[in-house]
Every structure is written in C-alpha cells, then in structure tokens.
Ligand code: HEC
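Quick setup: one chain, the form predicted on its own, written in structure tokens, and binding and motion questions come after.
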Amino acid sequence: MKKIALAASAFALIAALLLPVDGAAPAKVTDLLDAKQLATEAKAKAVKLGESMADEDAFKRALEFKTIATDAGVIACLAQALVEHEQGEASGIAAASLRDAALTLSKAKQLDDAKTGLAAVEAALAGKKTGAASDYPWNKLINMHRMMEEMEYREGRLRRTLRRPRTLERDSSHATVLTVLALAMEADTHEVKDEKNLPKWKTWSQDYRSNVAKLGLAMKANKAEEASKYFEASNKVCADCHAQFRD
C-alpha cells in the first residue's frame, strides 16, 4: 500500500509539473504573439464597443446579437495574453485591470452599466491600474459560443484577404486574434462530454493554434501562397473538430 501511495504521489507531482502554472496559457504567449499587435487589437475592440453604445438603439442591437459580450470577451483574452507576455508592460496598458474591466463589461445589460464598464476599459488601456491579480483561468475569459462567432468572423475576413492578397501584413491581425482565442479554446474543455476525447480536443486546439500562428507569420512576410496553405490547414482542423463535438 505504501508503494502504491508513493507512486500515486509521484504521478501527481509529475502531472503538476507538466501543467501550466495557475492562470497561465496552455502555451507561452511571448513565443506566439506580438505584444504591439495584441494592444492594437484590444484598442480596436474598445472603439467598436463605443459604437455599440452610441445610443439606446445601437445598444439594443448589440444586446440582441451579443456583440458586447463577444467584443468584451475578446478584449479579456487579449488582455490576459498581454499580462503573460514579456513585452506586455511596454504596451502601456494595465493588462490585468483591462481583463477584469472587460469581463465586467461583457455582462452589462443596461446602457449606463455598459458605459461605466467601457470607461473602465478605456482607463486600463490608458495604463490605469486597479490592483487586479495577474493570474486568471483561460477557460473563464470568453463564452465558447461568442468565441466561435469571433473566429468565424475573423476567418471570413482572412478568406477575403487571401483571395486578393494586397493587404497581407495589415490583415495578419486577424490571425493574431485567432491565435489568442485558440489558447482559450484549448483551456475550455466543457464541450468534451467524454473524458476519453480530451486528448482529441487538446490536439485539435494545438494544431489550430499552430496553423493560425504560422498563417500570421506568413502574412507578415507577404507570402501569400504559404499563408493560404496554413489557412486551409486551420480550416480542416475546424471541420474535423466540429464533426466530433458539434455536428
């Protein structure tokens, strides 16, 4: 019995060492992502959120189509990536505070509350810190359905760009966002109802992340043919995953 207990303890220790530290992404964000691009995308989403709150009608439409929850959730993912990025502080953004402000905003149901939340987002983007903790679980940053809607939108934009590859470097930002969302997707396994399928979810998430990260690099290097190859590979991963877990 003692040997069994020792073996179990050793196994638990090894498993703990193999897992990311509390709050960390499934992969090292500094190796995957450009901090400046993360910051730029977070600011762009804040502008879009402001447009959703221009008046009551705009806000009602945003609630109906859940665009505030989507956009705020994406900001939360971008912010957590900045928290963990070695050049994140150089962006001038209070990343942990931005994440918390975005998560609060994602739940707003009244226009006044949404405006208050957006003000907190903008303050964090300007560098105002609130004492927010650095660690945060990646599977709690964005709702899975909202994530998939954003992925579908970004993939549509990339498809148009790759058909007429004149703005590859600029539009590589879409691949950056997809790479960030792939980290959250790998961490959020609630769609996996059978534990034996967890390795498949992990593999597909990692394959998707690898392909969209390489897609972004190819676009920045203005390599259209290479970019198209990685885009098609990422789409195949999506199709295989959806066949198992959604269809």
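Residue positions are given as counts along the sequence shown, with the first one as 1. Keep in mind it's a predicted model, so treat the numbers as computed, not measured.
Below: the form predicted together with heme C, not depicted.
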Option touching heme C, based on a heavy atom within 4.5 Å in the predicted complex, out of 89, 112, 152, 135: 152
Sole residue of 140, 145, 159, 128 within 4.5 Å of heme C in the predicted complex, by heavy atom: 145
Taking the shortest heavy atom distance, is residue 59 within 4.5 Å of heme C in the predicted complex? no
Mark residue 70 yes when one of its heavy atoms lies within 4.5 Å of a heavy atom of heme C in the predicted complex, and no otherwise. no
Spell out, yes or no, whether the shortest heavy atom distance between residue 211 and heme C in the predicted complex is within 4.5 Å. no
Decide whether residue 185 counts as a contact residue for heme C in the predicted complex under a heavy atom distance cut-off of 4.5 Å. yes
Candidate stretches 62 to 70, 202 to 210, 49 to 57, 32 to 40, one within 4.5 Å of heme C in the predicted complex by heavy atom: 202 to 210
